[in-house]
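As structure tokens, the next two blocks hold two forms of the same chain, structure 1 and structure 2.
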Structure 1
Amino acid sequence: MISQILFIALTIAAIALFSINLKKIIRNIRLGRDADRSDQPQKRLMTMLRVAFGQSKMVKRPTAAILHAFVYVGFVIINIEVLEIMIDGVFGTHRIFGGLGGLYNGLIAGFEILALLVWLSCVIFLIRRNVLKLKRFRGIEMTTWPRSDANYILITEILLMSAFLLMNAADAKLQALGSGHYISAGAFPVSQWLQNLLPASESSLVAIERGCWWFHITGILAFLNYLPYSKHFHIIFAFPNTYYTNLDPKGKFSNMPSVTNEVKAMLDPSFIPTETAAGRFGAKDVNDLSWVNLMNAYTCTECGRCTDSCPANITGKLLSPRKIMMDTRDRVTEVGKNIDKGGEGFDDGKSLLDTYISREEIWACTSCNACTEACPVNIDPLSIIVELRRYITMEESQAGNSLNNMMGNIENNGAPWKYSPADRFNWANKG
């Protein structure tokens, strides 16, 4: 009875804490500007099913794709087991679904095989990150915390799967002993190999079984609450992020309505502007970005496919699209904390541009869309880069001499070079 109360209290506390943190993050995302992504719901749903649920963009890198698929499928399927754990925990039952007989045995056997695959995949992932030191997991933005974060996630998953398998092994041994309420249920194709490692005494087995059971479920609840602080948040945000993805051609940049008004008024004095949201042109800080940009930042799991395919990064420039996303998340988290501390409008004298992202980084971008193409969950670092450029160019006029010359030429000559517009058609007379 005490353990039931403890279990219920723990679960409620964990879910409550997670809800509070999730709400804060949603509040943070809403600090961004409006962007209408309510069109084409069916196409959006299909994109989400294909890209997030079906992981269609992972296949580009087959090794990572297979290992990730094991962990992903394992995570989703083994959560059915968590349902049973929840019911058992609340009602003090044991293997409540055991009555399903053959189906149950099949399920448990399946969970065990998946658990083993998850376990193996996570070990390989750890080796890739820490022993093989793949270039994709390095880079200037991969400082101590992001690297530890990745390792914590993998180690936790290995521990959870180990506990799950050890629990089953102890359970099966207890079943064989005919111990108490350990009903004969389940098939254990993987954990049977662990049985020999376990002691023979009933009380020790019960202690191990209960210990693993508690470790498994508290581990899951703790992991849930780790998500808001971690890159692992992608397991949730991948879904809304792909749903609200940009459905336009990648080459299409937004036309700023606030600018349209001014340009129309300039070209036609009788033009009466329509109402548009006030604010600065482009983005200096996270609240100048759209909520989609900010959701993108929380979705990023720092896999580095974007950076690995970025022509600027490949050739040694400072720009790393992954860093753009990580900086955006760090900054919006900081702004959120500022609001918690000092209320709305609290100014800490910092900004996304310059404090986090340098100008050298954003000017190195070729807008080639390799990063947006590479992202397995349709994150768009390019639109953040463009917004930062807009701020620098339009609010500060700091685009630099070369670009200013180019723009001056377009303005005066209708071409990016200092050629006379009268010569524009000369090509037809040559040859």
Structure 2
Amino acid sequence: MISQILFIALTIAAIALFSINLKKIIRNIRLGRDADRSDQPQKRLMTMLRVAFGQSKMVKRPTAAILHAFVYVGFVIINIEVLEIMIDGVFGTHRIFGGLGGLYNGLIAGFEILALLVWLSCVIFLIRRNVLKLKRFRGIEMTTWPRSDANYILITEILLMSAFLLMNAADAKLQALGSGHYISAGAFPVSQWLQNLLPASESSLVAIERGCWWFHITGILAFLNYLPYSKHFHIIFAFPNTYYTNLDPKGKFSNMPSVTNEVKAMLDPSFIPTETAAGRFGAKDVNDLSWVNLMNAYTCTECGRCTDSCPANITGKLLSPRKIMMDTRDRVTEVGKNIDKGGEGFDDGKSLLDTYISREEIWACTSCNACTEACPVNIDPLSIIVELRRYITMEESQAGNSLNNMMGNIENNGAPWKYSPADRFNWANKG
């Protein structure tokens, strides 16, 4: 009874803490401007099923795709076994689903095979990051914490799978000894190879089995509460993030309603705008971005595929799309903490532009959309870059000489070049 009370209290506390942190993150996302992503629900659902559930964009890198699929499928399916652990913990039972007979044996056998695949995949991922040191896991934004974060998760997964297999090995051995409370249930194709490593004493086996059981479930609850502080929050946010994907063709820029209203008013003095003017053109800080941009930031997996595909980064320029997303997440988290401390109007004198993201970074972007295309969960760094550029151009008039000359030529000549419209086709007359 004491263990049941302890288990229930631990579970309630873990879920409550996670709910508090999740609520703060949702609050932070809602600091962004409105964006309507309610159109084409069927297409959005299919996009989510294809990209988030089906991981269709992962296959462009087959090795990572196969390993990630093992971890992903293992994570989802082994959680069925967690359901049994939760019921056993609450009611003091043991292998409550054991009465399913052959089906249960097949499930446990499948769980063990998946646990082994997850274990091996995580070991390979650790080797790729820390021994082979793949380039895309490096970069100025990949400081000590981001690199450690990935390693912590991989090590945790390895420990959880090890505990699961050791728990089953001890359980199977206790079943063979006819120990009370340990009903004969389950098939153990992987953990059977660990049984010879365990002691023969019944009391020692019970201690190992119970210790691994508590470690496994406590580790899962701890992992749940680690997610809001980690890049692995994409486990949850990948699904809404892909659902609210921008369905417009890549390269199509949105018009600002306030600017559109100004143009319409100039062309038609009788025009009455239906929307109020924006408080600011473009974005200087995270609250000027849309809630979709901020959700993108919290969904970023820091995998580096965007930066690895970025032509500006490849040619040695300062821009890293991954850093854009990480900086946006760090800044909106900081703004949320400021609200918690000082209320809604608290101003710390910082901003996303200049404090976190430099102007050199955003002007290095070629607007090619390679980053958006490469992202496995449809994050759009370009939309943030464009909003920051809009602020510099429209609010500060500091777009740079080359861009100012181009826009002056468009205004005066109807084209980006300095030639008058009458001379535009002179090149065709030269033999």
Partner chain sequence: MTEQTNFTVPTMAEMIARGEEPEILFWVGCFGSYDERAQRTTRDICKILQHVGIKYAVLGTEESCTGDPAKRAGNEFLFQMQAMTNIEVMNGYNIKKIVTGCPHCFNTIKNEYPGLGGSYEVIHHSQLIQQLIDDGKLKAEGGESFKGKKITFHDPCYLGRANGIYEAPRAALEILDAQLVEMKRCKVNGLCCGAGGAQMFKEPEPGKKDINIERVEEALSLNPAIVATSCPFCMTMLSDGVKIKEQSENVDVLDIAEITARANGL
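Keep in mind that this is a model prediction, so the values were computed, not measured. Counting starts at 1 with the first residue of structure 1 and goes up one by one along its sequence. Superpose the two forms; the largest set of C-alphas matching within 1.5 Å is the rigid core.
Of these two copies of the chain, point out the form predicted on its own. Here the form predicted on its own corresponds to structure 2.
Give the rigid core superposed Cα shift of R424 between the two structures, in Å, rounded to one decimal. Taking the core as reference, the C-alpha of R424 is shifted 2.8 Å.
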